[in-house]
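Here you get one chain, nothing else, as C-alpha cells; it is the form predicted on its own.
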C-alpha cells in the first residue's frame, strides 16, 4: 500500500471542497470494508483519502410518515438492520442488510457504501430498487436527488459527479408493504450473492428487483407488467419467473455459470412471489 494523504472533515462542504481540490485520485472513506481491501491488494491506490465519518449528519436514521425513511450515509448495516422502525415498516430491507458479510463486517459497512461501490451483486440494492428509493447527494452545485435506478451506470460506476457526496438514502413511506428477499450463494452465510432478488407487493402492485445477474442491479419490468392485474396463481408465478430470467444478462465467473444463474433467478423469483401472494 502506497503512502497517501488523510483528511477527516467535519462538514459536507469541507469534504466536497477537499475532493475537488485534491483531484480525481481522492477517494471517500466511509466503512472502508471495500476500499481498504482494494488498497491492500493494490487494486486502488488513492493519493488522498477523505474520511466522512466525522460528519455528524451522515449518522442519522429517522422516519417520517410523509417523507418516509432516511438512512444516513454513515449508518452501519447492523444499526439499520436492527432499527425497530426498519424492522417494522421495511422488513425486506432489514433482511437484505443482515445478509451482507459477517456481523463484524456489518458493524463497519454501510448501505451507502454497498450501493456506491456499484457492484452488480450489492444485496441492499434490490430492496432499494423495488421500493423506489432516492439517493440524496451534496455537491459543489448544491443538493440533488438521484432515483436509485439512475445511480447505477455500469460495473463499479455510478452517476455521481466529482466532488459529490451521498448524504444518505430516502425510501418513500408506504402504508402496506409485503416483501421478500432471497439470496442464493455457495454458502449459507458470509458469501457473495450468486443471485439476489427482492419482490415487494404494495397494495396491488408487484415490483421485482434482481442483483448479480447483469452489469448493474435491475428491475424486472417485463415480469412486473405481466403480473399486473393478475392473481398470483402457480401458473402466473411460473411464467413471471421465466420472464424475469429473460430480462437478465448474467456473466459466467468463479461462483456460477450463466446457465446456472438463469435457473437460480427463476427459483429465487418463484420463492419471492410465493412469499407475497395472499
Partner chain sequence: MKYVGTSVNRVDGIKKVTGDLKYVDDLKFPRMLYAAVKRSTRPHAKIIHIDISKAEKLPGVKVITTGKDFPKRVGLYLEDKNFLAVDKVRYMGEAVAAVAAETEEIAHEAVKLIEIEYEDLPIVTNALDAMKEDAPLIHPDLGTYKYASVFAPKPDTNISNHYKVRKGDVEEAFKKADYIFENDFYVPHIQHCPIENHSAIASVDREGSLTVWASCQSPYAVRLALSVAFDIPLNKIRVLSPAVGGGFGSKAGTTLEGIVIPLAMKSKGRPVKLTFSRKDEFINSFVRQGMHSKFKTGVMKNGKIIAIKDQYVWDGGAYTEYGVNITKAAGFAAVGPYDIENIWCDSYCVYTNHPVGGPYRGFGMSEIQFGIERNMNIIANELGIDPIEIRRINAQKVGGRTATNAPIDTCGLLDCLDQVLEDFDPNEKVESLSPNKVRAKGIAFGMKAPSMPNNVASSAIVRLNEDGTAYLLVSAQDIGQGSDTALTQFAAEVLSIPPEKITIKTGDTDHTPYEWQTVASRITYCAGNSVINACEDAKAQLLELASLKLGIYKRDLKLEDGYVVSTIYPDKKVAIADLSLGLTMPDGSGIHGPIIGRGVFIPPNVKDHDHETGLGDKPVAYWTYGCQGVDIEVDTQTGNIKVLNVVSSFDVGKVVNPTLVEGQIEGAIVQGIGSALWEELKFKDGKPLNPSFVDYKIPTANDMPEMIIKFIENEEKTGPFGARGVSEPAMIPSAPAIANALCDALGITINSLPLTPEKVLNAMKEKNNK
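These numbers come from a predicted model, not from an experiment. Residue numbers count along the first chain shown, from 1.
Separately, the form predicted together with the partner chain exists; it is not shown, and the next lines address it.
Per the 4.5 Å heavy atom criterion, the partner chain in the model of the complex is contacted by stretch 186 to 194, the sole one of 111 to 119, 204 to 212, 186 to 194, 155 to 163. The partner chain in the model of the complex comes within 4.5 Å of no heavy atom belonging to residue 22. In the model of the complex, the partner chain lies within 4.5 Å of some heavy atom of residue 267. When the partner chain is considered in the model of the complex, residue 12 lies well away from it, no heavy atom lying within 4.5 Å. Put simply, residue 262 is far from the partner chain in the model of the complex: not one heavy atom of it is within 4.5 Å.
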